[in-house]
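Below, in structure tokens: the form predicted alone, a single chain.
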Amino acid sequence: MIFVRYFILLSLFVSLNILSAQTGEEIFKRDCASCHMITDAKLIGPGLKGVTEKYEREWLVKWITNSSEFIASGDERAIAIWEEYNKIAMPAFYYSDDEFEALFSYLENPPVEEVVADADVDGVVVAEDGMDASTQLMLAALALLIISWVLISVKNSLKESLNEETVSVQQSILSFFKKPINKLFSVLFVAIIGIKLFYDVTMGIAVTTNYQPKQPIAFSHKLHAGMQGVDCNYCHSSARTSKHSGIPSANVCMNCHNAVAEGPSGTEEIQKIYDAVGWDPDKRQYIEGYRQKPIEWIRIHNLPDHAYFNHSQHVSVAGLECQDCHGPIQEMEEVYQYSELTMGWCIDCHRESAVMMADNEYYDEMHKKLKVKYAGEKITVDKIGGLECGKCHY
């Protein structure tokens, strides 16, 4: 019984620690991540790696609770941080003792990220999806063909060995191909391999899944869209209103990076933005008379010229999220093409996706007619012309 009690107490202790760590992570992501990295890198504020070792907990509590009051009290370390970061006071956060303990525990033992995908020498993400259906069918057919071929050949060879003397290898091969059945299986064997290779080549034309070119700036979507929670439409603002999602101008980057001069990889990548727009990070002002240079981003997602796609129609009217087509963009350190973007892929989506009718007043009359025509049925995009050739090809 004593052992059982100790085991229960130990389980409760471990559970409480896990809950504490989760709460600390939630606090960090909600209140701290917009200004601080959990590494050595500076963002708007200093990196927080090892902060609980560098400062006493009592000192940290005072700083987090009210940094302005702490600076006014004359604390030398508080004043030094305030002056180093352009005399911008940190917002005040009032936490309970348990919340402070949870936050400090999280900062002492931040989670270690697991590598989900590998990359080859060109930086293309390798997705291990296994063999496709066509390859499995081909292998099954070849296996049956080879087994049948071997059994028939063995049977014929046994018959011949009982009646004939030993012959050379060359004679055996010639004798083998004299038989019609062996010729048939040989032709079928070569034909199946040839058809499979031809099929793979033709189906792979213009399909660039996992395409991940090296960009002029190592922009991290994981940091911006994931950790910082920046809305995709903040940078790709035209996705709601036009055909193209648009590439954000460097001025959009400067909305944040006129204050944020250092990222997880240091200052090198952000300096490339400054070089493009002519910004002096030390004087915190634009260089007079500087001739700005474009950032030559390499396009990743591309459709053939004969295919029409409208972002606003899918984002604003259909209510799709960026991840529906571009995959878990908020988890990608460097963006790669996640989906096939083939015609079959689009058609499958149109056959499965329901038409968004709620809060879509512009199409009210059409929706009323559809509800009458397809009473009781799921109204998918293909029922409103989503499979008509002229909708995407004209």
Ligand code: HEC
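If you superpose the two forms and keep the largest set of C-alpha atoms that fall within 1.5 Å, you have the rigid core. Source: prediction; values computed, not measured. Heads up: residue numbers just count along the shown sequence, starting at 1.
Not on display, but discussed next: the form predicted in complex with this ligand.
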{"query": "Residue among Ile193, Leu144, Val187, Val317 with a heavy atom within 4.5 Å of this ligand in the model of the complex", "finding": "Val317"}
{"query": "Listed residue that, although this ligand is not shown, lies within 4.5 Å of it in the model of the complex (heavy atoms), from Lys183, Lys293, His244, Arg284", "finding": "His244"}
{"query": "Lys178 within 4.5 Å of this ligand in the model of the complex, heavy atoms", "finding": "no"}
{"query": "4.5 angstroms heavy atom contact with this ligand in the model of the complex for Asp31", "finding": "yes"}
{"query": "4.5 Å heavy atom contact, Ala102 and this ligand in the model of the complex", "finding": "no"}
{"query": "Distance check, Asn109 to this ligand in the model of the complex, heavy atom within 4.5 Å", "finding": "no"}
{"query": "Members of 267-295 lying within 4.5 angstroms of this ligand, judged by heavy atom, in the model of the complex", "finding": "Glu269, Ile270, Ile273"}
{"query": "Tyr95: Cα shift of 2 Å or greater between this form and the one not shown (core-aligned)", "finding": "yes"}
{"query": "Phe219 C-alpha relocation of at least 2 Å between this form and the one not shown, rigid core basis", "finding": "no"}
{"query": "Displaced residue check between this form and the one not shown: Tyr106, CA, 2 Å or over, core reference", "finding": "yes"}
{"query": "Pairwise C-alpha change, Lys49 versus Glu331, in the model of the complex against this form - closer or farther, 3 angstroms or more", "finding": "closer"}
